[in-house]
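So this first bit is one chain, no partners, the form predicted on its own, shown in structure tokens.
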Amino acid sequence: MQVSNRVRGIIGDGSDGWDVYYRARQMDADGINVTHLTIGEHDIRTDPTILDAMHAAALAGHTGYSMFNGNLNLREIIASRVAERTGVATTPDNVLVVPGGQAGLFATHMATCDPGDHALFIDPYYATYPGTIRSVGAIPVPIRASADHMFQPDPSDIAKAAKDGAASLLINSPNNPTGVVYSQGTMQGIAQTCRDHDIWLISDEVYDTQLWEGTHITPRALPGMDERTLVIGSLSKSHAMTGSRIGWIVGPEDAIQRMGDLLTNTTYGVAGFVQEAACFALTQGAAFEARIAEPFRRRRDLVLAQVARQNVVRAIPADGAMYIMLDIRATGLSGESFATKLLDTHHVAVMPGESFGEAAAGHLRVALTVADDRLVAAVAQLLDLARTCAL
């Protein structure tokens, strides 16, 4: 017996560049001390006050079925937060609660794409993007953002791909893996393309509280875009709640209602005690969120200062998110080869750029997710290896 073609086809052909991550985990299991700078997992746990709220909610009886589209109190808080942060009128009917940002990616593509449709996304990309598109039966179409233009996508390239027919475009700013924040011009060009070609825009904004330079622009706030934009948000990064699996989609009422039907037949809602904890977390205010984000701002500055003191490795301007993308093409090695050598030589694990698409080949993504001193030591080893390879 074989599983369906749909499931067997989720993962594409060839290496996905994640071998370094898996090898590093195995080295850990074998007793080798590895510095892990691979995945975007906070080095702090969820704040105890949030866990206390979750525990109290469970004891208070929030352990049964919840509303499939999200409890009203949580949707009200999210709607108020979005309206305040973006200036776009938002009601609870514009909000759908989902079990994490990944579920939001799946639901939005289910809502915007029919089998065989082209779904556009920007390369470099978060690792699950093409697989999510394949899982709904659509065809993933990457649009390359050039390293030489600091990974800002060119709207003309998007328009060119859209001319061949497209149902949706997925963007991510602040961006994982590059740390790039899309400029006003980039966002306006993207919005114009979506309007011109009548396509849905899916905006993954889970890093919107991790902004170091510039301004976060949500395309939903641009003229004519609220009717065709679906925004994905999450508490994973903003509140260090990755394991709680709680996020949301904001969009037009009809689309949100239809995706609610999808959740009724898939996830069947998010645990009530997790939703109550999310209500508590979202009412702790900007200072709480800034405290969660601050270590990544500080570590970003430390790494950029290290890189500035040499001339082999170049840093892509990291204006947001919890990563630094490093250009190591001067070493003559691919990202995958360099990351493998770094792991073997110094027991430092970073993600090869090739893990995130062809556009990031010859780069490394460094997650800023260990203590400052350990991060600085690991980056020093990376830079020393790069210097040696470039000789």
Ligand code: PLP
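Keep in mind it's a predicted model, so treat the numbers as computed, not measured. From 1 onward, residues are counted along the sequence shown.
Unshown form predicted in complex with pyridoxal-5'-phosphate (PLP); subsequent notes refer to it.
In short, of 305 to 313, 98 to 106, 284 to 292, 155 to 163 it is 98 to 106 that has heavy atoms within 4.5 Å of pyridoxal-5'-phosphate (PLP) in the predicted bound form. Proximity of S236 to pyridoxal-5'-phosphate (PLP) in the predicted bound form falls within the 4.5 Å heavy atom cutoff. Mapping the unseen interface onto this chain, F296 falls outside it, with no heavy atom inside 4.5 Å of pyridoxal-5'-phosphate (PLP) in the predicted bound form. Contact annotation: F280 falls outside 4.5 Å of pyridoxal-5'-phosphate (PLP) in the predicted bound form, judged by heavy atom distances. With a 4.5 Å cutoff on heavy atoms, Y207 counts as touching pyridoxal-5'-phosphate (PLP) in the predicted bound form.
With the partner removed from view, the residue among N176, T112, S203, T132 that has a non-hydrogen atom within 4.5 Å of pyridoxal-5'-phosphate (PLP) in the predicted bound form turns out to be N176. When pyridoxal-5'-phosphate (PLP) is considered in the predicted bound form, only one residue from R228, R245, R300, H118 comes within 4.5 Å through any heavy atom, namely R245.
Scanning 135 to 172 for heavy atoms within 4.5 Å of pyridoxal-5'-phosphate (PLP) in the predicted bound form gives just one residue, N172.
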